[in-house]
Structures are given as structure tokens and as C-alpha cells.
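Starting off, we have a lone chain in the form predicted on its own, written out as C-alpha cells.
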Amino acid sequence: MIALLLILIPLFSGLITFFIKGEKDAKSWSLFASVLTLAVVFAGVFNLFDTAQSSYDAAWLSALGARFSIGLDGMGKMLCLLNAIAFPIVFGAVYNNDYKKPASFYGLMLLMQTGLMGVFLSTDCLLFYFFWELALIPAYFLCSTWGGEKRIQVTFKFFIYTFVGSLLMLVGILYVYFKTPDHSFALQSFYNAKLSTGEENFAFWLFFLAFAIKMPIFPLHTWQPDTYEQSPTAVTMILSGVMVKMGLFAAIRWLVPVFPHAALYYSHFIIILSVTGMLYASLIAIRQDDIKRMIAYSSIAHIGLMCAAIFSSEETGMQGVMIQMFNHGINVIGLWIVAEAIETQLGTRKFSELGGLARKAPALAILLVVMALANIALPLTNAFVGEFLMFNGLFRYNVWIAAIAGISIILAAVYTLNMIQKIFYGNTSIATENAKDIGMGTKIMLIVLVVIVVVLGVYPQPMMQLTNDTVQSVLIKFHL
């Protein structure tokens, strides 16, 4: 029942939101619904109810062998927790923002949360595909309606990329379905599918391209910076903090265990692509004059490391990916909140038009520095453990690849410290001369994230315990 509630609460809350008249009422209702979802996730993660309540199975499309089958396992718990934390943080951070048609905006946001929950909970591949699309559809409308000046062409590009990926995945799902012993879409049936080497290689790429677009990794990343720049910042927070994890999650849950031989065969090529993307995105991030685009390229670099660690087939690397999926989401949302606070008050996101903000907004400066240092995985921050484990996995896989990938650590420090210096230090500019510190709502949201950063940096063991079983089951498949 816990798993079912995690889908039903945001679903019905989102549908109700469309009919709420007042702007403040729509905001308050959405915030309440997201907090309620978070409470249910906590109950599932910390086993406050019988573990039998963590799964649900019912007839769905019986003629096709598809069932409405969902479950809250280790990796699912972690990402559902990230999803549940992200939405109240985002709603709280943008509570004072004015959106046209607020009922529609917040309703679509909650429907996007529904789709994301379904992706992380599904144990039936057709149901997984259904929720995959359900998460993307609200994102299209949110970007095209509430985005920036170039929102239409950017959303169209986003749509084309993701539509092609989804179509390839659907073909792959049907292909594997007919190879299962019992013609079923169940997770275990897909794991037991009888595929020849050629068939496995063919189906692997159908799935991988869909997941690689969603992550995204080089060279399928070109939709991301434009989409992040043009989307409303609240939507960008979810896209980069939670939605990109769909591709990484799917690679661990569906790709590697279903196609273990193909994953091992193509691992070297994929790791090289991922490391290339890390260095490329880091170098581009250094050259950015826009906060949003810098964070976007930074995110591409971090995702590239996670993808490389998955295909290293090492236990430490895989463990690091699962921890880092959560931690990256927390850190990047914090950076987006700061970007939103600066743009809302000052009307600019350009580093060249900022400066000296530490004197005008000391609280914002302190909180950004903590989130920025977490973003470059400073020891005693949450990202350090995950990044250390991922590089350890890459080192075990290939010393030279790990060394080349390690250059991105230096580059990350360059663009992150450069951002801090250009925004907060030096002389004030025309834009920052009359700046004020952040409001209490934004301050509270950032403090919550900083607490998570510090606590998980000092004591990461709970996150590691959540994912141990998943790591072992995936690696057993990988090394068949």
C-alpha cells in the first residue's frame, strides 16, 4: 500500500490542483500534497509499516501479460526519497514567484512527480514505459508554456530527442517481450529472456540510446543546456535534480541485468564516451557567463562520471553511483535555488553583471559556498563519498581512464570557484549595488539542503545500506 500511495497522492493532488481558483490556494495545496508524499516515503524508507506494504500487484493488461506491479526496494527507496524531498523544497523555494495560470503550473508539476515515482517503483516493463512517458509529458507543457523567449524551439528539440529515445525503447521492450519464456513484461521475466548474442546486442542499443538521451551523455547531450536555460527554474530543478536520474536508474534496473553480456562487451566504448563528455562539459562550463548554463554543463560532467562507473562493473563504482544519484540531486537543486534567487531579485544571470554580492547578501553567500563545495565533492560533504567510490571503481577498471577522468575534478574546482568569486566577491556592480539578502522561505529551503549535505557527508552509512542488495544483484548479472 505504501508504494501505491506514493503514486496516488501526487496523482490525485495534481488533478485537484487544476480546479483550484486562487493562486495562493494552489501553491499551499501543492506544498501540502508534496509534504504528505514525503511523509509516506519516510514511512516506507524507515520501515514504519510491515514490509509487505512496500509492494503492490494487480491485474492491468492481462491479455498482454502486463500487470500493475510496483515495489519499493533499496534503490527505489533512495530515488523515491530524493523525488519526495525535491518537490516540497522546490515549491517552498519558489513560493513567492508569480506564475501565470498557477493551478495548471502546480498541477503539471505534481503529475510529473507521479510519473517519476512510477518509474522508480515499477517492476513491470510496460508499466515502467507508461510512467516514463507520464513523467515527460508534463515537462513538455511546463517548458513550452512557462519557459523563456526561445521556449518553443527548445522544447521542440527536447521533444524530438526524448520522443526518438522513447520510440526506440518501446521497440526494444516489445522485442524482448517476445523472447521471454512466458510472454510477460515482469522484471524477472525480462531477466530470464532467451536472447542470442546478436539479439542481445541489438536490443541493448535500443534501450541504451533511450537512457543515454535522458541522462544525457556525450554526444546526446545537446538538448540539455538549452532546455535548462529556457525552462522555469522550478522545472529545471526537477529536470536536473530528479529526472536525469531516470536514465541512470533504468540502466541499473533494466539495461545491465537484462543484457549483461552486451553491457560488458560495450562497456569500454561507453566509458570512453562518458569520460569524453565529462572533460568536454567541464571545459565548456569554465567558459560560461550564464549561471544556468554553467550548472547545466556541470551536471553533464557529473552524470558522465556516474555512467562510466556503472559500466566499470566494479562493486565500489556501482555503490558510488547509487549514493551519488541522491547526493547530486540534493546539490544541484541547491545551486538552482541560488540561481533563481539571484535572477528573481537582480534580473540577470550573467557573471559579468554581478559581483560584490557577499556584502549585500551574506546568508546567500554562505549557503551557496556550502552547496558549491559539495558540488565539487569536498571531504565532509555528501558528494565526497559517492565520488570517491566511483573513481575507485574506475581505477580498478583502468588506471589510465581513471586518471584522465580525474582531470574533471580540477576543472570542476575551477568553474565552481570562479562562479563564487564572480558572484560574491570584488566590487559591486550596477545590478548588485542595491541587492538584499534572501527571504526567510528561500533561506529555510537552503538550510535544509545544507543540513543534508553535512549529515550525509559525515555519516553516509544509511545510504550505503539502502543499496547493498541492489548492487549485489546487478553485479551478479553483470559477471555472468
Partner chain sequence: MNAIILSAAFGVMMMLCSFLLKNKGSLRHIASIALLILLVANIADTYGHTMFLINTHGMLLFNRFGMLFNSIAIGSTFVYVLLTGKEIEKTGTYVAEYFVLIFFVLCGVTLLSSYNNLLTLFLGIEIMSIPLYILTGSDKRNMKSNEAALKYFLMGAFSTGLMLMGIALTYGGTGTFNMEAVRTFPNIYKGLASFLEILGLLFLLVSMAFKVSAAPFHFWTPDVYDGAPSVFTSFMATIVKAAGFIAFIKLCAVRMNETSGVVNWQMIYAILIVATLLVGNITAVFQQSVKRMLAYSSIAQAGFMLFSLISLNDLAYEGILLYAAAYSLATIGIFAILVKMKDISLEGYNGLAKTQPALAATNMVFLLSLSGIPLTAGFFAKYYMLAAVLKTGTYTWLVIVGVLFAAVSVYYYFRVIQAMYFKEGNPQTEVITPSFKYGVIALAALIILLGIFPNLILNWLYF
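Residue numbers count along the first chain shown, from 1. None of these values were measured; they are calculated from a predicted model.
What comes next is about the form predicted in complex with its partner chain, which is not displayed.
The partner is not drawn, yet in the predicted bound form one stretch among 245-253, 199-207, 279-287, 357-365 has residues with heavy atoms inside 4.5 Å of its partner chain: 199-207. Not one of Leu15, Phe32 and Asp98 comes within 4.5 Å of its partner chain in the predicted bound form, counting any heavy atom. Checking Tyr265, Tyr191, Phe388, Tyr175 for any heavy atom within 4.5 Å of its partner chain in the predicted bound form turns up a single hit: Tyr175. Residue-level contacts in the predicted bound form: of Ile137, Ile404, Val369, Leu380, one residue has a heavy atom within 4.5 Å of its partner chain, and it is Ile137. Remark: Leu61 counts among the residues lining its partner chain in the predicted bound form, judged by a heavy atom distance of 4.5 Å or less. Within this chain, Leu167 lines the site of its partner chain in the predicted bound form, having a heavy atom no more than 4.5 Å away. Heavy atoms of Ile409 never reach within 4.5 Å of its partner chain in the predicted bound form, leaving it off the interface. Contact annotation: Phe185 falls within 4.5 Å of its partner chain in the predicted bound form, judged by heavy atom distances. For the partner-free chain shown, Phe141, Ser144, Thr145, Arg151, Ile152, Phe156, Phe159, Ile160, Phe163, Val164, Leu167, Leu168, Leu170, Val171 of 141-173 come within 4.5 angstroms of its partner chain in the predicted bound form, judged by any non-hydrogen atom.
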